[in-house]
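The data below hold one chain only, encoded as structure tokens and taken in the form predicted alone.
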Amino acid sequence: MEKLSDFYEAALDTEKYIRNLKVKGKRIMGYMCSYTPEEIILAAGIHPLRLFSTKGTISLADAHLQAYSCSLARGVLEDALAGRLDFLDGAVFPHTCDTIQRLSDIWRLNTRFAFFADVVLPVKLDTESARQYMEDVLRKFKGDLEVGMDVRITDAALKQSIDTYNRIRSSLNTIYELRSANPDILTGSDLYAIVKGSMIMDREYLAKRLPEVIEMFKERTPSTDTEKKRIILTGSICDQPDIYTVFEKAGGVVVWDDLCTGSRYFEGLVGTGGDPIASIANRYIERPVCPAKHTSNTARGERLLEAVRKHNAQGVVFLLMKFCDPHDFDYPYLKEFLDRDNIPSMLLQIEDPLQSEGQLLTRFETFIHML
């Protein structure tokens, strides 16, 4: 943990980290979805910040969102209304799930940040017209950002930003692959801190720091313990470091995931030739999809099975945020894919705050004993 203290500080005390950036003159742009075109924000000289749910009581947001909205949307709105996000210079809302789409209207009407943008991305991604539409949306966002934040985004800045993000994504993928091969070289808590920290920390610093982390892990001697059961997590987000710790106490280890705060965030690189906006659009078209996007009727099931086989997983845990309709609707179809291949699975619905460790440990131990 000590050698990863910068990641832990960013992940566990995000407000303090970002306020320090603000003091140094950084402008901060908040976002809530991994489909946010971070490359364009960074090219504008603005720091992209993934927003997570509040860890406090939700009360102010209840005047605007129903109790059956997910705790992510309600928690982020709570922090905004309570003034805990006053360091933001603006926010970006990609249109993915219905809740985020409607949250953008509530945010625009009830907050007073300098910049606001809806990024209305295509849902069906398997046509040439969708590719062109994606490109047009990103060009519009670039123009809106230039006008709203009084900046000029050059192709040279976009290419530099693309290079930075490609290095970050490649490094995160390498860390995941190393842990899949030797799970004991870092704990689940370490992995959580690295991934969440990567959505918060200064990106230029991060691009240089992650290769150092990789070298540190390569030097560690892997354990010979083969008793731990290999698990894959799938779902929307995981902002709960205790999940990994309790899994390990139960005798399991997370060797891969399919989360938008995990592999879906970093898989797929942006092409470095030609028009940078077109290259960014191609990456967002071709990256692994979440349930709010469509490429084929079987794409997500096939991807999950491929991950199970590639990483020698013995079971899958569906980590679904309560009231997340896209993932709830996706669950029966994905479970059917796993059942056909006799791959055990478990459904865990979560929200902030997380249920007690004792309850989680009992459920995880029961699942691990089944494998």
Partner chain sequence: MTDTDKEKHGKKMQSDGKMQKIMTGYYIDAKTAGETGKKVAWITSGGPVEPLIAMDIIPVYPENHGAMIGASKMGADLCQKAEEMGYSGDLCSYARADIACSVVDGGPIGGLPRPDMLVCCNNICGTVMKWYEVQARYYNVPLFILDTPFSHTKYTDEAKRYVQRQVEEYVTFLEGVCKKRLDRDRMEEVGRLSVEAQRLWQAVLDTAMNKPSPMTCFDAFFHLALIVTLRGTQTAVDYYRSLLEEMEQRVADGIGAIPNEKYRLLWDNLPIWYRLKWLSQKFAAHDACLVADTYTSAWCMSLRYMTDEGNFLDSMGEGYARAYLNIGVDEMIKIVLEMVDKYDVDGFVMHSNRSCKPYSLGQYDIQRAVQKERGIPSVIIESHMVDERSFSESQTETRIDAFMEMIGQKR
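Positions refer to the first chain, counted from 1. Values in this document were obtained by computation on a predicted structure and should not be read as measured data.
Form predicted in complex with the partner chain: not shown, discussed below.
Trainee: Have a look at D239, D118, D89, D190 for me and say which one sits with a heavy atom within 4.5 Å of the partner chain in the model of the complex.
Mentor: Looking at the other structure, the residue within range turns out to be D118.
Trainee: Considering D202, E177, D163, D105, which brings a non-hydrogen atom within 4.5 Å of the partner chain in the model of the complex?
Mentor: Only one listed residue qualifies here, and that residue is D105.
Trainee: With the partner removed from view, which of 260 to 268, 294 to 302, 244 to 252, 212 to 220 is the stretch that lies within 4.5 Å of the partner chain in the model of the complex, judged by heavy atom distances?
Mentor: Checking each option against the 4.5 Å cut-off leaves 294 to 302.
Trainee: With the cut-off set at 4.5 Å between non-hydrogen atoms, does K208 touch the partner chain in the model of the complex?
Mentor: No, K208 stays farther than 4.5 Å from the partner chain in the model of the complex.
Trainee: Within a 4.5 Å heavy atom cut-off, is H311 in contact with the partner chain in the model of the complex?
Mentor: Heavy-atom contact with the partner chain at 4.5 Å: absent for H311.
Trainee: May I ask you to check whether K322 falls inside a 4.5 Å heavy atom distance of the partner chain in the model of the complex?
Mentor: Taking the distances in the model of the complex, the answer for K322 is yes, it comes within 4.5 Å of the partner chain.
Trainee: Using a 4.5 angstroms cut-off on non-hydrogen atoms, would F113 count as touching the partner chain in the model of the complex?
Mentor: Contact with the partner chain, no.
Trainee: Just give me the residues of 322 to 336, first to last, that have a heavy atom within 4.5 Å of the partner chain in the model of the complex.
Mentor: Result: K322, F323, D325, P326, D328, F329, D330, Y331, P332, Y333.
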